[in-house]
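Below you will find one chain, with nothing else, as structure tokens; this is the form predicted on its own, and questions on how it binds or moves follow later.
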Amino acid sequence: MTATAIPALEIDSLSHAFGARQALDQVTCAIAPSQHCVLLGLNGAGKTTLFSLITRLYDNASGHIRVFGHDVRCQPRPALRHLGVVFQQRTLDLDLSVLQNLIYHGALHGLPAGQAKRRAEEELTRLGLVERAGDKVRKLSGGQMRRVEIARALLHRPRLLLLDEPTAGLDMDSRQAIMDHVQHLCRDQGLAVLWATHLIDEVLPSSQVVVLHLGRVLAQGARDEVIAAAGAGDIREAFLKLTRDSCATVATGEATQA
């Protein structure tokens, strides 16, 4: 990222708690335009909470979240206009057709039906699903549903795509197809991507990485930089070392307080 470039996503000193449970603790990270960034963390690390704050499902009482320079709390409309989101839980209407789902989503973003239909067909063609446009969603496989959700997220031409565990429950071929397509979006369309996962093999050689554990950022940077900083041989070893050391530090602190 150049000194003058506006980050696609900038998170600064973000914390969030559910009662006494601290879900996020002073999270700070940034993603450049066109960058593929993997938010890597175990279940319960805080990935979904972070996505909920970025998308304004939750309100951030502390810290700042900016999407292409727009603070999501103070300027939600221009910030969210740049976002496309694929949530962990599937949200398609199973009894509508693929095309009806996409046109309805387009209407929510103010797209006329004709324009939404054209864009939907373009995205479905790129994803190899245009021949299923008239089928009810319930007839699709899990991988096909995920691809439809990606098409839906791209319909309003966002500049930043958020994907929360997008390959959960999918077979290897479906996982690879989605990973390849998202890489293509970054490389050829200049889309910035934040890909949240607990699967270490979804960290690609060209990925930026943010390691999130127990609500804290333990490391961030290019994949090879994270590996080198952890004194590890690969990203799996780096992740294990970082999370193990973090847990040891927490345990030591608790013992000291006791």
Partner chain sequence: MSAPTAAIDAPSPPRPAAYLVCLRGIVWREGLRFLHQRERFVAALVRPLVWLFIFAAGFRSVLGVSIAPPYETYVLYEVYIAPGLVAMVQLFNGMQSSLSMVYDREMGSMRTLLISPFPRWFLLTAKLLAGVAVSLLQVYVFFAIAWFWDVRPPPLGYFAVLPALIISGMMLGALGMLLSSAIKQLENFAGIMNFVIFPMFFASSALYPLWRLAETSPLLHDICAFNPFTYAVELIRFALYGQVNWTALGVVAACTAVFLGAAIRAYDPAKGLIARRGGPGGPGRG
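Not measured: the values here are computed from a predicted model. Positions refer to the first chain, counted from 1.
In what follows, reference is made to the form predicted in complex with its partner chain, a form of this protein that is not presented.
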Segment assignment from 227-235, 64-72, 199-207, 186-194: heavy atom within 4.5 Å of its partner chain in the predicted bound form: 64-72
Heavy atom of residue 176 within 4.5 Å of its partner chain in the predicted bound form: no
Residue 213, heavy atom within 4.5 angstroms of its partner chain in the predicted bound form: no
Touches its partner chain in the predicted bound form: residue 144 (any heavy atom, 4.5 Å): no
Residue 90: touches its partner chain in the predicted bound form, heavy atom cutoff 4.5 angstroms: yes
Single option in 163, 155, 182, 111 placed near its partner chain in the predicted bound form, where near means a heavy atom within 4.5 Å: 111
Option touching its partner chain, based on a heavy atom within 4.5 Å in the predicted bound form, out of 117, 132, 126, 159: 159
Residues in 54-74 close to its partner chain in the predicted bound form, defined by a heavy atom within 4.5 Å, in order: 55, 56, 57, 58, 59, 66, 68, 69, 70
